[in-house]
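Just one chain is shown here, as C-alpha cells, and it is the form predicted on its own.
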Amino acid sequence: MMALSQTISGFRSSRWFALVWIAPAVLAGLFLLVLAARGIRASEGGQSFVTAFPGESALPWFAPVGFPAWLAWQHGLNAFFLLFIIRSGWLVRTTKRPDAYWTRNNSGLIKTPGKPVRISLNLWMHISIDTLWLLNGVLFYVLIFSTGQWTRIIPTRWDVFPNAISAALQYASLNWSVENGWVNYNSLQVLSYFLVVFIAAPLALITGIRMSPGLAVRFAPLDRIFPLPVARAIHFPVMIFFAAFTVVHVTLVLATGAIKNLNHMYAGNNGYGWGGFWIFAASIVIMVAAWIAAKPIVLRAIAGTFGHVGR
C-alpha cells in the first residue's frame, strides 16, 4: 500500500498529471463543438448560409492548376526542417544544463567580426536548422511569385472570409463538402496558409534574429521600439502555433481523403494511385531516423566541423 501511495503521489506531482483532466475536457469540448455545428447547419439560417457561401472563393483567371514538382519538394523539406526547429527550440527552452556548448571558429578562411559567442549545442542546432529553413523559404517565395502559385494562398476576394466561416462550420459538423485542392483550396485553407507563410514565418524569423546571441547586443538600439522581452514573448507562442497547425493540418489531410491529398502534396498528380502515400511514408521513415540520430554525440561531431565544441 505504501508503494502504491508513493506511486500515485509521484504521478500527481509529475507534469503528465494534467492530462488526467485536460484530455477528457478537450474531448468533451470537441463533442459539444460538433453538436453545436450540426445544430447550426440543420437550421434554416445555417442551410442558407452554406448555400450562399459553399466554402470556396473563386481564384483569378490566371491561377495555375495543380502542384509542380518543386512545390512537393519544398513541402517535404519544410516539414523536415519544422520538425527539428520545434524539437531544438523546445530543448533550448527546457534544458537547464546543456550537454555541450559550441563556439564558432574564427581562425578559418571566413572570419566574422566580434568575439565568438558561446551557445548551447541545442541552440546551435536550432539556429542551423533555422538557416536551412530560411533558405528554403526564400526559394519558396521566389518560386510562388514567379509561377503564379501565390494566387492559391493569398486572398484576392472579400468573400474569402464568409466562405472560411462556412468551411469551418462544415469541418466542425464532420460533414464537409467534396472539394478538390488540386484546383482550389477552400477559404479556410487559404487564410490558414496565408497566416503561416506571410505572418507566422516572418514573425518567427524576426523575433529569432532579435533574440540571437551575438546579435542581441548589436540590436540594443532597438530596445525602445522592439525590446528583447517582447521578442521572447512572441517567439514561443509562434512555435506553439506551428506545432498546433501541423497537428490539425496532418489530421485533416488524412481525414478528408488521404490518398488524394498525399498525391497532391507528394506525388504532384491528381490521380488516386499510391505514389503519394509511399513518398509520404518514406519521408516519415527519414524523419524518424533523423530524430533518433540527432543525439548529442552526433551533434557534437557535426557542430565540431564548424567550430569548437566543449563543456
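Start at 1 and count along the sequence shown; that's the residue number. In this text the structure is predicted, and so the values were computed from the model without any measurement.
Not on display, but discussed next: the form predicted together with ligand HEM.
Only one segment in the set 56-64, 241-249, 23-31, 38-46 has residues whose heavy atoms sit within 4.5 Å of ligand HEM in the predicted bound form; it is 241-249. Contact with ligand HEM in the predicted bound form, judged by any heavy atom within 4.5 Å, is made by just one of G181, P98, G137, P155: G181. With the partner omitted from this view, the residue of P213, P227, P162, G148 that lies near ligand HEM in the predicted bound form is P213 [heavy atom within 4.5 Å]. Not one of R104, L121 and W291 is positioned with any heavy atom within 4.5 Å of ligand HEM in the predicted bound form. Taking non-hydrogen atoms only, L174 never approaches ligand HEM to within 4.5 angstroms in the predicted bound form. Looking at L143, you'd find every heavy atom of it more than 4.5 angstroms from ligand HEM in the predicted bound form. Heavy atoms of I85 reach within 4.5 Å of ligand HEM in the predicted bound form, making it an interface residue. In the predicted bound form, at least one heavy atom of N78 sits within 4.5 Å of ligand HEM.
Contact annotation for 244-283: residues with any non-hydrogen atom within 4.5 angstroms of ligand HEM in the predicted bound form are F245, T246, H249, V250, V253, N261, L262, H264, M265, Y266, F280, listed in sequence order.
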